[in-house]
Ligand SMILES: Cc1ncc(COP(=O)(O)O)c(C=O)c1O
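In C-alpha cells, one chain follows: the form predicted on its own.
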Amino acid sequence: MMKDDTHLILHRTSQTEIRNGITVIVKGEGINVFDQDGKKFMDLDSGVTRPVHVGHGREEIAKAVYDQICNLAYFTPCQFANKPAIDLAGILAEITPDPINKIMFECDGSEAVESAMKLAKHYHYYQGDKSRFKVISRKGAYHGVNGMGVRALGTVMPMRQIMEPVAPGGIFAESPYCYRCPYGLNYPDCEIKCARDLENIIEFEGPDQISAFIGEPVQQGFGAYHPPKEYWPIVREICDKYGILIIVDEVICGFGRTGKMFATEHLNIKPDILTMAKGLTSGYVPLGAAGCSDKVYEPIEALAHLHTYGNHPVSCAAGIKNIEIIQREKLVDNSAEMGNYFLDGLRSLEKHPSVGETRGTGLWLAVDFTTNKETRAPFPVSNLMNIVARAKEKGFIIKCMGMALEFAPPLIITKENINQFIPVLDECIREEENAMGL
C-alpha cells in the first residue's frame, strides 16, 4: 500500500484516503489487474477512468509503440507532419460519424475539449462573428478540467469552484436526467422541456455571443444516462436556428463503449465537432483528438494553437494498432451483446429497496440508488462508497458517479465474468442495506 510518506501527488484523492493506504496496481492482464501483494481484482471500470477498451496487457500495442519510438519518437506538430498522425487521421475520418473529416491530436480528453472550443471560436472568427465566445454546457456535465474546458464543467463542482474565476462565457442548461427530472416532470408528458428551454437561454445570453453547445451523447455525471430519443434532434434544430455549432463529446463514449463505434450513431444528429480520447488508445499511451467537418475547417486560414505533444507519432501508432484490434476482434459487437446481458443481470437487483433504476447503453451501465423508490429520494454518497469498498474487498473494482454505481468494463468481457460479478454485487447491496436499516 502507498502511504502518506510518498512523494507522489494523486489526482482527486484526499489526504485521509492516503493516510489509510492506497492500493498500488502493478500488473494488468485481460479484464483483471493485480496489486503489489498479488491480489487479483476484476476491473469493471476499465482502469476506473474507463479507457482500457481492449483489456490489459496487449503486447501488440506495446510492440507498435516500441517500433515507432525506434523509428521516430517525436517531431513537432507545427509546420511538419508525421506518418502515424496522417494515417490515424485518415482512419478516424472513415469511422467517425458524418460529417467529421478533419482531425487534430492532443494528449487527452481535456485537451481535446479545449481544442474543440478553439476550433469553434476560430470558425466564427473567420466568418466575421468575432463576438461569439460563450459555450453552453449542461448541469451534470463533465468535459475535462483544462482552461476553457473547465468553464463547461457542470459536475464535481469543487473542481471548477476552487479554480474560479475561470474563463468567462460558461453557460449551463438543464440535463435530460429523467429519473430525477430537474423540472419535476415526467417523460414524455414533459415535451422534452430540458431541450426546448435551450432557446430561452440562448435568447437571454444573446445569440450573437454564443459559439457552441457541448454535450456528451450519454452523460457520466448521473451514471451512464442516455437521453430521450427526441432530445438531441431538438438541440440540433435550435442550434442551427441561431448559427451555434454542436460539439459532441465522445471522450468516454467513443470506440465501442456504447455498442456502436461512436455513441453519436444513437442520436440521429450530425455533429459539427467531435472529441475523442480514452478508447482511442485504450489508455496504453496518452492521446486525445478533436475532429470537425469541412464546413468548420475550411474558413480557418491558420489555427492559432500549439501543444508540444500534439500529433505525437508514438501515441498515434498506438491508436492505429488499438483500432485494428477493436475492429478485428469485433469488440463493438461484443459491447452491444454483453451490454444487454450485463443489463439483464443488473435488472435482477431491482428487488432491493435501494435500487431505483438500472440502465445501460452497450458496456456503459449504471445502478441508480435511492432511499425511497416512490419519491426517488437522494441516496447518501457515503453509503454508495461503502458498496464500492465492499466490492473491492471481494475482488471487484467498481466506482460511483452521482447517486449511481457505474460499470464500464473492457469490451472483451464475457458472460462468465458477468455471472461471477452479479451475485457479489447483490451481496454488497444487501449488506449495506442491512447496515442502513433499509
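Start at 1 with the first residue shown and count on from there. This one's a predicted model, so the numbers in the text were calculated from it and none came from an experiment.
Not on display, but discussed next: the form predicted in complex with the named molecule.
Out of the listed residues Val113, Ala317, Cys292, Ala366, Val113 is the one that sits within 4.5 Å of the named molecule in the model of the complex by at least one heavy atom. A heavy atom within 4.5 Å of the named molecule in the model of the complex is found for one listed residue only; from Gly223, Gly109, Gly362, Gly279, this is Gly109. Contact check for Ile252: a non-hydrogen atom falls within 4.5 Å of the named molecule in the model of the complex. Although the partner is absent from this view, Gly144 contacts the named molecule in the model of the complex, with a non-hydrogen atom inside 4.5 angstroms. Contact annotation for Glu216: at least one heavy atom lies within 4.5 Å of the named molecule in the model of the complex. Only one segment in the set 234 to 242, 136 to 144, 308 to 316, 191 to 199 has any non-hydrogen atom within 4.5 angstroms of the named molecule in the model of the complex, and it is 136 to 144.
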